[in-house]
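As structure tokens, one chain now follows by itself in the form predicted alone.
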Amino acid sequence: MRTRLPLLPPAHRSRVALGMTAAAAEGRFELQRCAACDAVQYPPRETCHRCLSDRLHWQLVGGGGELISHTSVLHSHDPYFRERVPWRLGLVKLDCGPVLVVHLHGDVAPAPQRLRVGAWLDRAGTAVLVGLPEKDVPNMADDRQLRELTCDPKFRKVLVTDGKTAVGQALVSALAQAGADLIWVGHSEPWKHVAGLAAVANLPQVTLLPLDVTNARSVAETAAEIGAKVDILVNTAEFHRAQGIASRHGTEVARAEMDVNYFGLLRLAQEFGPAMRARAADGPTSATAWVNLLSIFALSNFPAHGTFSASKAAALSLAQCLRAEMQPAGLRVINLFPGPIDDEWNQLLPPPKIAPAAIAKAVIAALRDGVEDVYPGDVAEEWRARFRDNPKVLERELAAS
């Protein structure tokens, strides 16, 4: 009998092994490399297996390798895998040296065989290794084992909280093209004519519904109506004004930014979170993911958009809390950190700016790849690198810009 409560694969990892999880959360396959003898390490360890040096650094590695042998597990004492057998495993020798055990995609031919290995997050949020065909094959994402590690929108029911914006409309179109079964699109002001919304509403998968994230009653009523059916929630609701502290008096605009960007997320989490957690064990089409549209300004305040940056920083902190509460049910919380979006509130910023369609593409890729944090666009990638290198230097540079 299938367990009606959410089950997770074994999640215990050492602190050093979490380095691979941190990389997989952003879609990278990293292993430790010894700075003394250049040996690549697996499994993760404190000292080099060849020279015993403790100067081990996480680095990107190529995933190419040779499948040495493979097997299918037909019985497991672990409750998670017991419900999912048969489960295919393989022994792979990477081109860079280590030999490792991987979850094996169903389209990988029997050994000996060339393949590529990647690091993915499992339902417990920890990194696991997956062996994929060397070249993509048709309908590769439909593999039963791979679908356990991803949040592919194909055949799923999705809620996009705000369809008025260009980003929201681009996301709806991308989700429809990705094979979503049903897409609910929220709009907070149904009496107002919004450019592009009619075209979105004409898509066969789309159903418009009134949803105002600043109104607790509206959120509660919407959750009561569809909360038990939503597989993926994409929160695109955003209020953005391009001002700092001294450039205006009063707190009205800052309150509006917080009401949508922070409290809006909180209201959605309180109403939709419990229903989605309860559906995390519903099989192949269970509730699977929550996507938050944040901003790269959440990492370090951009004074020209100061109060907006502060609201996104608050939303980031809340999203981390949401991720911790969703993890026991196996639901993935994906945070999106785009750079300046090519919209009306970033007109005075110089290029490069990211197009709404590029953000939509990044969301679909994140769902299919099962990652947690995404930094779409050149500006976001640069800010992330500078933030990791030295947050204080980035803060001073932004203050002087």
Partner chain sequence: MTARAPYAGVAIAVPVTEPYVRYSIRSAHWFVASVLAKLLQQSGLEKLAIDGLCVSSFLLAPDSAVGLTQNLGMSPRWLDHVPMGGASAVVALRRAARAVQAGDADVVACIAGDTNHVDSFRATLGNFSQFARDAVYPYGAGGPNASFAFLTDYYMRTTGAQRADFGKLCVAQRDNALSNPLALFKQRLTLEQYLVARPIAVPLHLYDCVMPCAGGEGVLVMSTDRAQSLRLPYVNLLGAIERHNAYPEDPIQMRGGWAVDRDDLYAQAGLGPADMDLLELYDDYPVINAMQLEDLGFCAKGEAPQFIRKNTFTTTGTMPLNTSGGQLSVGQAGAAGGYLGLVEAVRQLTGQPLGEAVPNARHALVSGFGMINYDRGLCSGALVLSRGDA
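Keep in mind that what you see is a predicted model, and the values were worked out from it rather than measured. Numbering follows the first chain given and starts at 1.
There is another form of the same protein, the form predicted together with its partner chain; it is not shown, and what comes next is about it.
Of the candidate stretches 325-333, 78-86, 239-247, 150-158, only 78-86 has residues whose heavy atoms lie within 4.5 Å of its partner chain in the predicted complex. 128 is the sole member of 176, 170, 314, 128 with a non-hydrogen atom lying within 4.5 angstroms of its partner chain in the predicted complex.
Checked against its partner chain in the predicted complex, the candidates 375, 58, 42, 29 yield a single residue with a heavy atom inside 4.5 Å, and that residue is 42.
Its partner chain in the predicted complex is not approached by residue 215, whose heavy atoms all lie more than 4.5 angstroms from it. In the predicted complex, no heavy atom of residue 144 sits within 4.5 Å of its partner chain. Its partner chain in the predicted complex comes within 4.5 Å of a heavy atom belonging to residue 91. Contact check for residue 10: a heavy atom falls within 4.5 Å of its partner chain in the predicted complex.
Contacts with its partner chain in the predicted complex, taken as any heavy atom within 4.5 Å, map within 48-80 to 68, 69, 70, 71, 72, 73, 74, 75, 76, 77, 78, 79.
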